[in-house]
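First comes one chain, alone, set out as structure tokens in the form predicted on its own.
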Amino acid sequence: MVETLVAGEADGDALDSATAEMIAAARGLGGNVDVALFGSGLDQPAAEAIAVGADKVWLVEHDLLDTGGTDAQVAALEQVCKQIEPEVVFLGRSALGRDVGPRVAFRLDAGLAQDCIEVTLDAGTGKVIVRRPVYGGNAVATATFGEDGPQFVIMRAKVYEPLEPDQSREGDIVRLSVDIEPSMIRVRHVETVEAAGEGVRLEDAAVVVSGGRGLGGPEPFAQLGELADLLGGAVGASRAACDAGWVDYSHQVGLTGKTIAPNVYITVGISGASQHMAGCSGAKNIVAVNRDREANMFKEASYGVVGDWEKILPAFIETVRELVKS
């Protein structure tokens, strides 16, 4: 049993799904689970954190946490860790985990493991054991931590299922003020620009339809969007398609893109390189359409169609449309 702190995040007025997943992972280690949320107006996410397994939520408040960016978050998390003294600190593989986590771990002389997909506890040593992909997802390494200092674990999203919310759970919500000197902030907030989004988020979609280099250009993504709309899903893409400028990087699935775990993942013209599979390994069912019968995607797929997507996709869309109408 270990004392765990989850550095949580909010998605608007709700608890971020990755934070709920980390709470579930932390509960598996035993011991108390604290959650820290940074910023203002986070009472609703705090209540949701209690409902999905947190024992205590720290609402870390300071004006600079809303505008000071990474520098303010680093200062805040460091102070929280020094006050609470957790044995394990969980962060998601977001900007908070990638940028803030390593800096705080360095300041605390602590060990850190990135992109973890599984955590267990060594009963003998009381240390966390993590499993994480290495070599671009071609292998999985098992690692543990040294003797001293807290253990920082950066978790990949969609590898743990959040616990079912229990509104009757009780926990403490404590407001915590931190001291952040304005001189510590080395960036200046100019403005916040939110990209307009339509439909379901890629990370939350039950159905994802993705295209790759095999589509040959940006135009076919309109057909993928049509299919995704019929299925109530979202459009994804391989890194090759994004690098070519055919679709925005916000649609990228893979090691350096989004991690998804849909019920159905339909890939069109994607070879299935390990870097791409690292982002969709949690998919329940994979449907592959590719003219190369040797494509790696077929080794991972539940169902596969070998052939020209220009002939297969229109027929597939029409069939789905007829089924939806009926």
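Predicted, not measured: the structure shown is a model, and the values here were computed from it. Residue indices: 1-based, along the sequence shown.
Note that the form predicted together with a small molecule isn't included here; everything after this is about it.
K.L.:
Counting any heavy atom within 4.5 Å as contact, can you tell me which stretch out of 122-130, 175-183, 245-253, 145-153 lines the small molecule in the predicted bound form?
P.N.:
Of the stretches listed, the one contacting the partner is 245-253.
K.L.:
Out of Ile286, Ala295, Leu59, Leu65, which one falls within 4.5 Å of the small molecule in the predicted bound form, going by heavy atoms?
P.N.:
By the 4.5 Å criterion, the partner-contacting residue is Ala295.
K.L.:
Looking at Gly233, Gly101, Pro86, Gly212, which has any heavy atom no more than 4.5 Å from the small molecule in the predicted bound form?
P.N.:
Residue within 4.5 Å of the partner: Gly212.
K.L.:
With the partner left out here, check for me: in the predicted bound form, does some heavy atom of Ile270 sit within 4.5 Å of the small molecule?
P.N.:
Taking the distances in the predicted bound form, the answer for Ile270 is yes, it comes within 4.5 Å of the small molecule.
K.L.:
Is there a heavy atom of Trp309 no more than 4.5 Å from a heavy atom of the small molecule in the predicted bound form?
P.N.:
Close contact exists here: in the predicted bound form, Trp309 approaches the small molecule to within 4.5 Å, heavy atoms only.
K.L.:
Since only the chain is shown here, I'm wondering whether Gly39 would be in contact with the small molecule in the predicted bound form (any heavy atom pair within 4.5 Å).
P.N.:
No, Gly39 sits far enough from the small molecule in the predicted bound form that none of its heavy atoms falls within 4.5 Å.
K.L.:
Can you tell me whether Ala240 touches the small molecule? I mean in the predicted bound form, with a 4.5 angstroms heavy atom cut-off.
P.N.:
The answer is yes: Ala240 has a heavy atom within 4.5 Å of the small molecule.
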